[in-house]
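First, one chain by itself: the form predicted on its own, in structure tokens.
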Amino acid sequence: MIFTIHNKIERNSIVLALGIILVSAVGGLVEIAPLFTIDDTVESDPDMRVYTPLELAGRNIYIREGCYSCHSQMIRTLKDEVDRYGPYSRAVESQYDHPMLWGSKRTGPDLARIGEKYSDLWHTRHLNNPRDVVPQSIMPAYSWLLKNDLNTRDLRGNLKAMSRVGVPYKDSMINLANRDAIAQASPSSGDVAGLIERYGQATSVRVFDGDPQRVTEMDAVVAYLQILGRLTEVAHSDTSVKFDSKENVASAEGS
């Protein structure tokens, strides 16, 4: 019966064309309709922080070195992932990430909640030679991060580009990006007060790589790693999710 109807439709070009249009319309409606309610479904957080210039520089280096190829930044709503890495990732946490680095490849662990889990010294030693802190690690060494001075010349342009895609950087942040990057890794700098004023009291100001004489690429990468999962507290404050250990999936209360 089904094949008979199908054969008749195929023989009638007009009916076949109308059928294709109908199926395409239904598919398009399914994809497009949810966009009309996107403002009600996408989370927002007025307290969401932006990356400081130093953290953004570290993110750029992280991308440059291909770290995303082995480390995801997206914890799924599976109980074993939450038990291992922490609260599952929320969309709002990545709203200022361009590009997003969620990923699915985990040669190494997920880094979505790595911020302040280990000390700056641990990260510096780990990046310089992973086997110094994790003997069984297969991660390559990135020793040149300690040798390379951080290039801050492009930071103003980086922040300006980010502002054009929706990241709320103010003009003062853009204009002083180079100075703020150096100040964050130089606690004795006279520019620290301005940095804190622009980015908030939660900004970490310290010598990330252990060398107060220079601001290196290591400073930037460690600063970036230490802020992961800490731009907003929305994931840690949500208590509306329960996990079914038998099914190993997450379900919202009342759903």
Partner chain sequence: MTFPERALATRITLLMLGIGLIMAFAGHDIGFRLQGAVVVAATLATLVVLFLIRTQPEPSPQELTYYYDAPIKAGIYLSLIWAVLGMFVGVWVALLLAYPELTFDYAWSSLGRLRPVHTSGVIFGFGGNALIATSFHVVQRTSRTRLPDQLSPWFVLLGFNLFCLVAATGYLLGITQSKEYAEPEWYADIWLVIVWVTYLVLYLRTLARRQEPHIYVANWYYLAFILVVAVLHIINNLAVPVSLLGSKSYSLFAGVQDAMTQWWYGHNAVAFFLTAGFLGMLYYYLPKRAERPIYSYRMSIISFWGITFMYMWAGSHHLHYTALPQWVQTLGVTFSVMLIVPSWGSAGNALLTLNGAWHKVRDDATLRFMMVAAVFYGISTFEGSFMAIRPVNSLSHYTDWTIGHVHAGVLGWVSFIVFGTFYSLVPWIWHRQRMYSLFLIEVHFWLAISGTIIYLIAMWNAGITQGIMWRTYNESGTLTYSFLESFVAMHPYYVARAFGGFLFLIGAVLAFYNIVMTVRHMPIEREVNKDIPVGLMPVQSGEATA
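Residue numbers count along the first chain shown, from 1. The term rigid core refers to the maximal set of C-alpha atoms that superpose within 1.5 Å between the two forms. Quick caveat, the model's predicted, so the values are computed rather than measured.
The same protein also exists as the form predicted in complex with its partner chain; that form is not shown, yet it is the one meant from here on.
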{"query": "Exercise: Leu56 in contact with its partner chain in the predicted complex, heavy atom 4.5 Å", "finding": "yes"}
{"query": "Contact of Asp83 with its partner chain in the predicted complex (heavy atom, 4.5 Å)", "finding": "yes"}
{"query": "Any non-hydrogen atom of Ile196 within 4.5 angstroms of its partner chain in the predicted complex", "finding": "no"}
{"query": "is_contact(Gly157, its partner chain) in the predicted complex, heavy atom dist at most 4.5 Å", "finding": "yes"}
{"query": "Partner-proximal stretch of 183-191, 222-230, 197-205, 57-65 relative to its partner chain in the predicted complex, 4.5 angstroms, heavy atom", "finding": "57-65"}
{"query": "Contacts with its partner chain in the predicted complex, stretch 179-212 (heavy atom within 4.5 Å)", "finding": "none"}
{"query": "C-alpha of Glu197 off by 2 Å or more between the shown form and the other one on rigid core", "finding": "no"}
{"query": "Shift of Gly66 between the shown form and the other one at or above 2 Å (CA, core fit)", "finding": "no"}
